[in-house]
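Only one chain is given next, in structure tokens, and it is the form predicted alone.
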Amino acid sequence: MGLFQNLLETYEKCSEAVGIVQVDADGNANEKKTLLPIGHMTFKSQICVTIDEDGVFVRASRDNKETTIIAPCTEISAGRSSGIAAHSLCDQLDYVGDINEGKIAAYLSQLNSWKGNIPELNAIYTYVSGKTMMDDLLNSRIFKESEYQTKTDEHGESQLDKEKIRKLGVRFIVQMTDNMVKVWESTELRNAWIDNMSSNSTFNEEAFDYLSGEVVHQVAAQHPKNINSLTGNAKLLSCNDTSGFTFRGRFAKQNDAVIVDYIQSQKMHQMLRWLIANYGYAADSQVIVTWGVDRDTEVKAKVQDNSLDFFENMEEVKTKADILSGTKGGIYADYADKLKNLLQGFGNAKDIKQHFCKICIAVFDAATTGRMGLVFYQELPKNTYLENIVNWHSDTSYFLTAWKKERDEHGKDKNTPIHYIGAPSFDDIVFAVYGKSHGDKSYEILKKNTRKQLLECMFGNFAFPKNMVEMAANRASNPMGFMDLNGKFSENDWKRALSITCALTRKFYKQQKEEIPLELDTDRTNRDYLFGRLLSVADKLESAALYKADKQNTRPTNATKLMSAFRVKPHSTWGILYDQLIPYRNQLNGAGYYQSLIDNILVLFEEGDYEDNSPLSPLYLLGYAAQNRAFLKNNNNEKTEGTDNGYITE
């Protein structure tokens, strides 16, 4: 099955949820996140007109801001941009307020064709055809002062500026004998419109629908737009362009190329719109959406999450408080391993049977304002989907830190660090490779391309891009390029980028069949790895001397400042750096521990490697970070570095 068939299947499985308005966490109704019935759309309304069952005006009110409602529409009116195409029930003043003769005639004709004996519709038809709405609204003082013209008529009265009001949306309440009917919320009226729409099938030829394979009742001439709210005018399917070289001599008319049933098109598009609104992960015009083809469409394991968020979503019984308490004091919780254990829970036959469903991952992008394209699509069994994600989180794991917002004992917000072993999120990787956004369009394009590449690596068996690792390594090797808003060196941002780059480097070497351990590998003789270790020792030695002189955190160390040059010419830069360490070694009385460590590292170089002055690969960052990590594990002992001999004591 393909994308369209899976969307249709999902719509059928979620049919019980159709038309039920979603409620946000703050208790407000959110029509934009509601699965719409076929033949319906969201409509922005600001004026509410109440009439009685005889079509007599009762009152009118105006909302402070536009209210989104669910309203019936025709195939043409749903995609209207110019010309005349009336909605079926609620519409703009232009169509119901006697401003435009052609439009009100179209509205009344449309309403007359399906009102039958439905009392509410007959009341609205009677009222609108009386053409008294504008007078009623004026008498109700609905319009704002700014909506009147500055010039007055011959009687000295101000006239409405119809250009300013004609697009105001109008909805109706019909006051019946025993109740008030809000027509946009009435299930009976929605069903009546769907029945009317289905009964007006005009296609008499024998043909099958290209989406569902079923018999076609009404060919869709226009497909819905506004699928992704960020690209409202972009259509996924378009077949109403018959001018120019549309068919390029291959077909004479639209139906020769493809036939899509109107009802099936509605179901498919309504489902996709709902999935994007509820689960879409957007960047500019691109959106990633993942869903299960099941009654429960939510996929808690999101592809873009880091390992911590992924585990929180998967492990329902574990609260954030549990996680926080388990990671206090700088203890790194290995969420890569925890994810593997979770996966084993899906490995037995009983659980697979209970949880089995198909997971779809789709990426849409709008290259132009009017067209949306599918740029990536995969469908997988749920256990295979989880296995791919867990493999990603395992191969790309490293020591990372996330910041969680919580309240302190005084009720104030504070950020608590959570240290974990796992994979970075998509956004983290974009930050490591390209830095932060400065609001330019080119950054969004890079971000979109990166997210698509990462998905291809996760599910498409693509190799992790080497250029991405190199770019991240170049940025991490230039610490002084990480600046805060005051133009000062931002150590936190640099360390974050460094950790993420190490995660990407481990992933890259993993696919080269080389496992790089998380902790320091004291037996590794790789030149790049050893140079990274040397840089770390130089950095630590100087930091220890500054700490002893009570000047810690006053400035970056020389190792940090020279890191960029060190990567390009490691041998010659190491010579400069080693000379600069002389005063700090003296402060530490020779710094015997560090000198001993340097000597131990130097002897691990194979012949000619130490003198090799060629640029270092990203692997050197893993050596640098692993040596730093080894120092961190002796943190308590490092606090005793004030001992005059410069040795770290156990």
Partner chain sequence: MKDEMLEAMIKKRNSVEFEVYGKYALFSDPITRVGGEKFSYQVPTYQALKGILESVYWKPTFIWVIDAVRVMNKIQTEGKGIRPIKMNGGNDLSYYTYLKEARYQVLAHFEWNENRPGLQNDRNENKHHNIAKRSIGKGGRRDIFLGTRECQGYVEHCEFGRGSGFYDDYGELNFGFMFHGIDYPDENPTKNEEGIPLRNFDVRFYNCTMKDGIILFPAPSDSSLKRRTVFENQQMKEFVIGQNLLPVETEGGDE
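Residue numbers count along the first chain shown, from 1. Every value quoted in this text rests on a predicted model; they were computed, and no experiment measured them.
One more form of this protein exists, namely the form predicted in complex with the partner chain; it is left out here, but the text below deals with it.
Of the stretches 159 to 167, 515 to 523, 530 to 538, 364 to 372, only 364 to 372 has residues with a heavy atom within 4.5 Å of the partner chain in the model of the complex. Using a 4.5 angstroms threshold between heavy atoms, residue 213 counts as touching the partner chain in the model of the complex. At a distance threshold of 4.5 angstroms between non-hydrogen atoms, residue 305 is out of contact with the partner chain in the model of the complex. The closest non-hydrogen atom of residue 296 lies beyond 4.5 Å of the partner chain in the model of the complex.
None of the heavy atoms of residue 403 is located within 4.5 Å of the partner chain in the model of the complex.
When you look in the model of the complex, the only residue of 243, 82, 179, 117 with a non-hydrogen atom within 4.5 Å of the partner chain is 243. When the partner chain is considered in the model of the complex, only one residue from 110, 122, 255, 450 comes within 4.5 Å through any heavy atom, namely 255. Heavy atoms of no residue among 12, 222 and 281 are located within 4.5 Å of the partner chain in the model of the complex. Along 207 to 239, residues 208, 209, 210, 211, 212, 213, 237, 238, 239 each place a heavy atom within 4.5 Å of the partner chain in the model of the complex.
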